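The chain below stands alone and is given in structure tokens; this is the form predicted alone.
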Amino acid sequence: MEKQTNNRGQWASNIGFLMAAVGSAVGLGNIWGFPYKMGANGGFAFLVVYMVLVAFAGIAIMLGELALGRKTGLGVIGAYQTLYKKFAWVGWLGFLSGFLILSFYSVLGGYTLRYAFGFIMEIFSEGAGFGGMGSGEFFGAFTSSGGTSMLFHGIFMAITVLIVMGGIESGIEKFTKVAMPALLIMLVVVIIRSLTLEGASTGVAFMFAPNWEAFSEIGFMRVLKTAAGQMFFSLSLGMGCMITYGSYLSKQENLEKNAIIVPVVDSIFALMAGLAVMPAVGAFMSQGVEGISFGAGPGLLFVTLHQVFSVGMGGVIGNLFGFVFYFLVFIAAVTSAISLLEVCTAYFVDKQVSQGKGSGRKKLTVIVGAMIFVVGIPVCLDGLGAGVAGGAMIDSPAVMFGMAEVRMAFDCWLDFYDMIAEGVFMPLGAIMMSILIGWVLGTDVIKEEVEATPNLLMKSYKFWDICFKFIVPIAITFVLIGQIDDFFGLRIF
């Protein structure tokens, strides 16, 4: 079960790995998902549940995935096949999760690029970027234009492919070492502006003022389910990313420390994203600007914040901050997308290497990227659920599959893919990984891998033992049931 010696590549330094791993975690899940899910799920109450989940489940899953990856030196499918053949199907859950997520993630990444272009064009000529339309009107027109969505989906996917083609050290590591510091600087700039707006304290209070009413108004299980889904998506867990990135780690690196650093830094970025968004939303809500609210849902990023920059701030300053914000979201999206593409590409690279051939990375990356692009096309064409009647080019899966009576999971192709990946495959994969480590192989397998680093002892073995055996499988089983309940309206909770 030990790491295979091959020419797959390796991180040049631990800081390079951390930049890439944090980059994988910090993406749309933080800057888009975290603020809108917090806004729709009670603010502070959601934040508390999220932090507890990260502390008792997220870090443990992160440690397990990094350890399995480094121990085998293989991607997610190869790792499970090597460790325990009966669990090989769990590796496929991670592979397919990454594949499906990137197919719609790339579309959303293309949206952020379009909005960044839009705001920069508005600086030079009013109306050039968004055609003089309001935020809601433009978003509807843009998402219903299948050709335009496909164009930006293609651009985003091409950028992702080019980076991954460069390999681990020369591609992913080199990009994230520049991108992550740049992302941090841009985020700080937006936070400062957001916090200095008149009425920003309304948004800060929404995030941090103790408020437990959400548990009775929304329901504890719904808040738990949403927070857990956000944790998986934000930390890149259950989709093979950390197993794959862990497979490129040397034995010199401290797994236990890295498994704590990545979730902590990711959570800090998530809070920073909240501080970039919520105070600005709160400021213009208190000023009575129409079309702005904390509970705007997925439209928070592309409708509410567009309104914040174009109407709330307005003028050159509004357009400039709009460009900076959407460009930083674009960079964050790319750092996550390259990890998802690497998950899928690594499987085929591993097969090539195991057969004594060259890695064939460049060719394989292009092929896999093209396949993901094709699978993402329905997300571009259905107008996020608008359907043919709403001006889109194809109908939602609910209509196409004759499932119009089923809940909103089938209302658009994005939600359909997300239901399969984030709703089922990712939590199921985490449960099975914890069972494999806690009850099949035994938690000694993690201890041995952590202590494979010279002169290092696993400091919190008993805590991790309890997490893998009891906390993770029990907590995530409730989450999985909650996801299925929510998607299909079974009303279990």
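Counting begins at 1, following the sequence as shown. Predicted model only: the values in this text are computed from it and were never measured.
Keep in mind the form predicted together with a small molecule is missing from the figure; the text below concerns it.
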Quick check for you: of 112-120, 351-359, 227-235, 142-150, which stretch puts a non-hydrogen atom within 4.5 Å of the small molecule in the predicted bound form? 227-235
Contact of Asn41 with the small molecule in the predicted bound form (heavy atom, 4.5 Å): no
So, Asn30 and the small molecule: in the predicted bound form, are they within 4.5 Å at any heavy atom pair? yes
Would Ser339 show up as a contact with the small molecule in the predicted bound form if we use heavy atoms at 4.5 Å? yes
Can Met239 be called a contact residue for the small molecule in the predicted bound form at 4.5 Å between heavy atoms? yes
Just one of Met19, Ala25, Val472, Val479 has a heavy atom within 4.5 angstroms of the small molecule in the predicted bound form, so which one? Ala25
